[in-house]
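Given next, in structure tokens, is a single chain: the form predicted on its own.
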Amino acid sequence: MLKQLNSSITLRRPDAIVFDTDNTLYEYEPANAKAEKAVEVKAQNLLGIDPDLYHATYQKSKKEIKSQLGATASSHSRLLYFQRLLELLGFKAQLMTALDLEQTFWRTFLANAPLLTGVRELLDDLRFHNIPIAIVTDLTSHIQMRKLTYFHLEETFDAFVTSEEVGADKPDQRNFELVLKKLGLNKTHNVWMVGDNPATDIVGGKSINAVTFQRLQMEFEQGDGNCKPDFIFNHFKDLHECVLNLFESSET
């Protein structure tokens, strides 16, 4: 069920709803685990790498890239992870191999990342009732567009923002200000922010005075303090029911 944590808020029909993507519209971790395993198997077949060596080196490559690039979209790049992996293993620039591993990763990832139950129905109803909807997400634009296209949501949203556009991951306020600009709204409008990560989605949503909703899942606990959401929910049917009730009350 939808649970209200901020008693000072009275929900009313939103002027727009902004959604995070990863771990909000679908479960990230199962897809990521299967994709990483598929790449590990391919690397072993192509290069004869010992599994323990591969795993340790891959973790080191990710750590180096993230340390080098900081909280930016490219710090999540699997292509950079695999390029650095090959370098750390002592190979020269193996460009085709790096590209092949990246394609294997995302092909496997997408095949194992179905939308959560109730997401499509909620989005369809929001569009039917002329509520603008948007995406604000980390990672590169190409990959996030590819995900939404795979979900057949390529024509669903009114605005789309990735951290690649602003040069910094959430909760950098520029991500949220840009999505408002694309929607033609400002901080005085009644905007909702729906995400899973209290430190990025909820904090970022608060930076534009949005009403914040955290989808609870295993990776992140319920936000507290500055990260405390206004509402929490487990299933999209609960958020959908709330929205439908607001539509009914606004039309009577």
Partner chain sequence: MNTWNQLISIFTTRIEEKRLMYELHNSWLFRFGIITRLLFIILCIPLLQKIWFIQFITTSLQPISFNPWTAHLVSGGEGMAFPYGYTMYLAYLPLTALGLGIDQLLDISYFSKIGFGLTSLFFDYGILISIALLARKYSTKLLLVAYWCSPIVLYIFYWHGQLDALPICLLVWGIVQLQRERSRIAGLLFGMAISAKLSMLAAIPFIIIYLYRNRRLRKQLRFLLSTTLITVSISVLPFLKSSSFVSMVLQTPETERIFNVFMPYGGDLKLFLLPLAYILTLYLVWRLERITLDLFLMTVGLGFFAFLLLLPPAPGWFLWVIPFLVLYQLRYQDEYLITTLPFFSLYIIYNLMYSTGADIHLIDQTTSEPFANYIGLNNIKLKSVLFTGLQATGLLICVRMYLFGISRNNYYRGFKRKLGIGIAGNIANDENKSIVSIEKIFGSDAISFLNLADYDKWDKHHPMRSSKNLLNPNSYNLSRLSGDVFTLAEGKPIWQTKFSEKKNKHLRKINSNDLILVTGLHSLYIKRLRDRMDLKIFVEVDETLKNYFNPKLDNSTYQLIDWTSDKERTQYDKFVSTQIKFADLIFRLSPINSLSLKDGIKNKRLPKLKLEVEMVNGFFHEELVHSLIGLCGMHVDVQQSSLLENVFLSIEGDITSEDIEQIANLLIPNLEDLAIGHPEWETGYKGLMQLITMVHISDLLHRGRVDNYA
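Numbering follows the first chain given and starts at 1. Just so it is clear, the structure is predicted and the values come from calculations on it, not from any experiment.
Keep in mind that the form predicted together with its partner chain is not shown, yet the notes after this line are about it.
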> its partner chain isn't shown here, but in the model of the complex which of 112, 97, 75, 156 has a heavy atom within 4.5 Å of it?
Replying inline: 112
> Heavy atom within 4.5 Å of its partner chain in the model of the complex: which of 45, 59, 226, 67?
Replying inline: 45
> Which among 122-130, 86-94, 145-153, 176-184 is in contact with its partner chain in the model of the complex, heavy atoms within 4.5 angstroms?
Replying inline: 145-153
> Would residue 206 count as touching its partner chain in the model of the complex under a 4.5 Å heavy atom rule?
Replying inline: no
> Can any non-hydrogen atom of residue 221 be found within 4.5 angstroms of its partner chain in the model of the complex?
Replying inline: no
> With the partner left out of view, is residue 103 within 4.5 angstroms of its partner chain in the model of the complex by any non-hydrogen atom?
Replying inline: yes
>> Can you tell me if residue 189 lies within 4.5 angstroms of its partner chain in the model of the complex, counting non-hydrogen atoms only?
In response: no
> In sequence order, which positions of 21-37 have a non-hydrogen atom within 4.5 Å of its partner chain in the model of the complex?
Replying inline: 34, 37
